[in-house]
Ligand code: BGC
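Shown next as C-alpha cells: one chain only, the form predicted on its own.
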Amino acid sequence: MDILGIDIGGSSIKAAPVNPVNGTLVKDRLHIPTPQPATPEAVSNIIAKIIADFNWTGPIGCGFPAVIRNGIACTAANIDPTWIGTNLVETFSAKTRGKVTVLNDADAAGLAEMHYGAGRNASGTTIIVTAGTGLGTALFRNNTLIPNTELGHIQLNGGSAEEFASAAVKTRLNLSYSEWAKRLDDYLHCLEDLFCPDLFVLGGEISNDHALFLPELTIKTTVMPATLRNDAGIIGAAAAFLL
C-alpha cells in the first residue's frame, strides 16, 4: 500500500506517493512554494490542492516544522505562529479523504535516512541535521527516534544556532562554502560535546554539495551526507504512518 508523503517546510511544500517497503517515490513529486503568511487556512488549502492533483484517497503522512505532541503543534518554527495549539491531524483530515498522521519535519527526514538511507546500518547515537531555512535535528538511539529535539535552537555565539549556521544564512550573507563550513563546524562541535554521537548525517538540499564543505569540518564524529537528499522529508513522513 502506497502512502502519500507531504513535507511542509518554511520555504516549500513537497509531496509524492511513497512505497514504504523500499522508501521510493512512485510518482514525480509536487513542489509548491509555502504560502506567506503560512497560516493554517493557507497551508490547508495547499494540502487540498495536493490531494486533488494526485486524486488521493489513501493514507497520508505529513512532516511539519513544529514540536508535535498528540497531533497538536506546540511551537511554530519558520511558519506562522497561529499554528500553535492547532490540532494538525484534525485540520489536515478535514481537507483529505484518508487517514492522516503528522510528525516534526526533521524527525520525518531522520526516519527516512535511518530506515532507507545513510543511517540504515548505524548503531549507537545518530543525529540527523537538516540544513535549510533553519536547522532541523532528529536524534536516534539504536534506530529508535527520540522525537521533537529541536536542537537547531540551542544557543550559539549569542543567538539561536539556526540564525548562525543554517543554509539560509549562507545564502543571505553570500558566504562561501568554506566560510559557512566554519559556522556549521561550530554548531556540530556543540552537539558533539553535548551528546557524544557516533554519527552525524547531514541533510537538506545543501547536502548535494557536501564535497565542498565536509572536508572543512574538524569534529571527531563521523559525518555522512544524507543519501535521500531533499526527498527524505516526504519519504519519512509517509513511513511514519506505519511506525
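Counting begins at 1, following the sequence as shown. Small disclaimer: the values here were computed from a predicted structure and weren't measured.
The form predicted in complex with the named molecule exists for this protein as well; it is not shown, and the discussion that follows is about that form.
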Only one of 91-99, 168-176, 112-120, 128-136 has residues with a heavy atom within 4.5 Å of the named molecule in the model of the complex, and that stretch is 128-136
- Query: Does T86 reach the named molecule in the model of the complex, with heavy atoms at most 4.5 Å apart?
  - Reply: no
- Wondering, does A77 line up within 4.5 Å of the named molecule in the model of the complex on heavy atoms? yes
Item to check | Distance check, A66 to the named molecule in the model of the complex, heavy atom within 4.5 Å | outcome: yes
Contact check, 148-182 vs the named molecule in the model of the complex, heavy atom within 4.5 Å, ordered by sequence, gives E150, H153, E162
